[in-house]
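In the form predicted alone, a lone chain appears below as structure tokens.
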């Protein structure tokens, strides 16, 4: 095989990662071929290529809710709306969700997996009720609890009572069999106040993690995996039996807060790639990696738009070109800012040769 040479005469094999150094024959040829495809020339406009490679196929993506016929599925935001959420770095996704993996002790045992799932799913008082009654003579709310449900969730009547009194003031609770008698201690209560209290009691948090409203337990490649609608990564990682190395959420800012900026950057790439792949768009992952790097290089997650990457460019003309033109030009004039014309956009605006391709080279002719 002919020797493939890179910059400054270096053997490309030497530039490969260490784990590929010992490859020989066809394996080496394949590795070198992939390496060659990954390279780009000096002066190539990789930002423009990445933008086009993501944006053009994204126009063909539609709003499509994920659905698998014949089985239960959690419906989450897909397609173009999800891409917009990712690149706008929204604080809260429209449908926050988690993928929770279990460690070896629980992953293959369905009963243990169900036990962890019951600890995760938020349970409100209304989920346990068989019946609600108002005793207007005694001014008491009677809550009839489903014994089968509390048995399944390993709850007791005392625990439910404690959960209510912990967050509800001025009430007394009496337990008789499976009925909770809730009596307001205020002397000036009327029927309207009693009705308002009844509605508030229905929403009381009894068990699980707040915000996680639905769970789905699935067997994936021989191990049980929990999918959720709703997200609380910090609390979930505190549960014994959860695999902290693989569990993640689709909330980018939550991942950045709990696991750090590198994890958030990886999540941006993963979520964007999966969203595009699910719609049949085969964009090269390196374009998405470039965008993710731009969003996270400062140490915090920034949106692509006016309040993020585009709005923080050093070039006045580049900022003015994106949005809020008058604001940027007026502010720059007031501050006496100077544009060095080092990038593409500002040179296009004033008609200069852009500093990419042949424009990166300046030649002087001396006659």
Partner chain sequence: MGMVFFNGIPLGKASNLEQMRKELIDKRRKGKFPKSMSISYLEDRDELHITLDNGRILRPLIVVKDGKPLLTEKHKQKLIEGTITWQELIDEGIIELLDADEEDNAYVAISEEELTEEHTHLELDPAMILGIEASLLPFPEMNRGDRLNYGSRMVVQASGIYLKNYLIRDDTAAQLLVYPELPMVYTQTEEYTGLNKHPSGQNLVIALISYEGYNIEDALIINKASIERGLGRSYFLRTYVAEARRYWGGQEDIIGFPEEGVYGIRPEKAYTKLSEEGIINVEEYADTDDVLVSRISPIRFIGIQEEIRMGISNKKDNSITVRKGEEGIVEKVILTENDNGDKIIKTTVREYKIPEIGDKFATRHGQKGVIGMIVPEEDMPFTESGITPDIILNPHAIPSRMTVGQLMEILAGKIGALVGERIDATAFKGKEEEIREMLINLGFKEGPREVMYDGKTGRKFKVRIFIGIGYYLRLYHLVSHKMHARARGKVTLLTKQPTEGRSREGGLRFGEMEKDCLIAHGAALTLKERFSSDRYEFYICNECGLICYENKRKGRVECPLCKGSDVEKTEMSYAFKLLLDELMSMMIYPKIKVTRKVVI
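Numbering follows the first chain given and starts at 1. Fair warning: this is a prediction, and the values are worked out from it, not measured in the lab.
Same protein, other form: the form predicted together with its partner chain, not shown, and the subject of what follows.
Among residues of the shown chain, residue 25 is not one whose heavy atoms approach its partner chain to within 4.5 Å in the predicted complex.
Interface membership of residue 58, defined by any non-hydrogen atom within 4.5 Å of its partner chain in the predicted complex, is ruled out. In the predicted complex, its partner chain stays beyond 4.5 Å of every heavy atom belonging to residue 309. None of the heavy atoms of residue 314 is located within 4.5 Å of its partner chain in the predicted complex. Screening 304, 54, 45, 32 for any heavy atom within 4.5 Å of its partner chain in the predicted complex leaves a single hit, 45. With respect to its partner chain in the predicted complex, the three residues 135, 154 and 199 uniformly fall beyond 4.5 angstroms at the level of their nearest heavy atom. In sequence order, 317, 321, 329, 333, 338 are the residues of 317-343 having a heavy atom within 4.5 Å of its partner chain in the predicted complex; the partner itself is omitted from this view.
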